[in-house]
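Let's start with one chain on its own, the form predicted on its own, as C-alpha cells.
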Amino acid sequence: MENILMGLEQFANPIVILSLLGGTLLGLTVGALPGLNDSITIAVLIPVTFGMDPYVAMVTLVGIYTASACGGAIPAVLLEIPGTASAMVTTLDGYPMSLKGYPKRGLSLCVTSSFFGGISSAVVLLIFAPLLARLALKFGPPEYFMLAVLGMSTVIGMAGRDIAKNFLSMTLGLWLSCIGMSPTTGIDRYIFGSASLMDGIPLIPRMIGLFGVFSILRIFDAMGKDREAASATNGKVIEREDDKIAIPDLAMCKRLLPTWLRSSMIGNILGIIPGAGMTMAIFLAYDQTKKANPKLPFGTGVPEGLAAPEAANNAVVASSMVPLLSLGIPGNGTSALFLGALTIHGLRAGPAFFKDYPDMAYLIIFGFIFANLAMLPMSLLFCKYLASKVLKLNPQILAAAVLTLCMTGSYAYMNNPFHMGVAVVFGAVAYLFWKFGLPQAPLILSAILGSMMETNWISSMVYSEGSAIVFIQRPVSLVLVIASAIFFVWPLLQRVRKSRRIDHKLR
C-alpha cells in the first residue's frame, strides 16, 4: 500500500496530469493518421524525453500508447483505411456501418469498446505485475536463461504457418545481439572495424529505425494507394439524423458485454505472452465472436464486429507491460520502446524494479488506468470535432516531419552521427522485412533477449561447473523448460494433425 501511495503521489503534480492528457491527445491524433502509430511516435520521442523529468516522460508515453490503438479506428470506420495495424479488422464492420449512415455510432462503439478493453488490461497490470516481480526476485541465472528461451519460444509457437519466417527473423536478432565486445573474453565480435559498435548496436537508434524511418518508407510506398482509397470512398458515407457521438445506451451495453469480456480476456492473455501482439488478438477475438454469434451477418456493420477487435487491441496495451515491468522482457515492439525509455533515464526494468523504483512502477501502472479514464471523454470529443480535420493532413508533410525527428533523435541520443546511420540501416531492414513478409517482432525480441541469454548461460555454466542438468534440477527452471518445449512442439503437432486429416480425406 505504501508503494501504491508513492505512485499515486506523483499525480498530485499538475504537470504530470497535463502530460498524461497531452500524450493521450497525441495518441488519438497519430492513431487517426494512416501510416503513423504508437510505436513510431514513441520511438521518435524517446530521445526528446532525455531532458524531461522521468515521471513526466513516462506518463506522456503511457498516454500515447493507450490512445493510439483507439485512434486507429477513426479512418477505419470513416474511410475503410486502418489508422494502425490493430484496426485492420475494425474496417470489416466499421465502414459498412458508415455506409448505412451511422459513422458516428460506429466511432462511439469503437471508443467505448476500447475503453472497456483498456481498463481491463490496466487492472491486469496492477494485479499481476507486482506478483510476478515478487516471484522473479527468487530467480537465478538458470531461471533467467530459460525465461529468455521461453520468450522466444512463444514467438515460434504463435507463428502459425510462418514458423520458418519467424525463425529466420529470430536468428538475425540473436546475431545482432552478439555484435560488440564479448562479456566473457572481451574480444570484439562483428564490429567490422567500427569502434562505435564496441558496445553493440544501441537500442534507441535501432528502434527509431525499425519504427520511425520504416514508417516514412511505408508512407511513401502506400501514399498513392491511400489517396486512391480515400477518393474512392469520398461521397459514399452519409449521416442520418439520429446518428450521433455518444456512449451506447444500456441495452446496447448489455448486448455487447459478453463480447467485451471475451475479447478483453483474449487481449489480456495474448498481451502478457511475449511476441503474440495485437494482430493475433484482434483476429482471434473477431473469430471467437463470430462463432459465439453465428446468426449475425458479420461484415455488414454488426456492432459486435466493432466491439470485438477494439476491446481486444486495447486489452493488449497495458497487459503487454506485465512481462516488461516484472521480468524485463517486452511483451511486444511498443513495450520494448518503454524499455529504452526507462534505460535512457537510468532505470532498469525487471524483478527489482518494484523494489528499487516503486514510485515509477506504480506511476506507470496508474498512468494506464488514468489514461483510459481520460481517453473515453477525449475520444468522444475528438471524434466529434477533430477527426475529419486530422484525416485531411498532408502525408508528405507528416513524413518530412517524422524524418527530421528521427534523425535529430538518433543523433541526440549520444551526440554521435554514427547512430543516424544505424537508424537509416534498420529502417531499410524493416522495409525489406515488410516487403518480403518477414515479421519484425521476433527480430526485436531476440535482439533484446540475446545478451540476457548469453550472460545467464555463462553464469549458469559457472554455477553448475559446466553441467546443463542445472536447468532441470531447479523447479522453476524445469517449469520454464517444459513450457518452452510446449510452445516449440505445439505448432509441429498441429501440422501433423492437419496433414493426417488431409490424407484421410484423400483416401
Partner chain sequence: MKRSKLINLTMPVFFALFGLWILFTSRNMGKLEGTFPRMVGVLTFIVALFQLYFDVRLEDHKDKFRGCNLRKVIEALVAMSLYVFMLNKIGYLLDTALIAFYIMHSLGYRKYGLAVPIAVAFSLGAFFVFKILLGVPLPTILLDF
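The shown structure was predicted, so the numbers you read here are calculated from the model rather than taken from an experiment. Positions refer to the first chain, counted from 1.
Absent from the display: the form predicted together with its partner chain. The rest refers to it.
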Its partner chain in the predicted bound form: contacting segment from 374 to 382, 167 to 175, 329 to 337, 302 to 310, heavy atom within 4.5 Å:
167 to 175
Even though its partner chain is not shown here, does residue 450 get within 4.5 Å of it in the predicted bound form, heavy atoms only?
yes
4.5 angstroms heavy atom contact with its partner chain in the predicted bound form for residue 421:
yes
Hey, in the predicted bound form, does residue 254 get a heavy atom within 4.5 angstroms of its partner chain?
no
Can you check whether residue 250 is within 4.5 Å of its partner chain in the predicted bound form, heavy atom basis?
no
Counting non-hydrogen atoms within 4.5 angstroms of its partner chain in the predicted bound form, say which of 217, 369, 197, 265 makes the cut.
217
Could you spot which one of 298, 283, 139, 431 gets a heavy atom to within 4.5 Å of its partner chain in the predicted bound form?
431
Output the sequence-ordered list of residues from 455 to 494 with at least one heavy atom within 4.5 Å of its partner chain in the predicted bound form.
457, 458
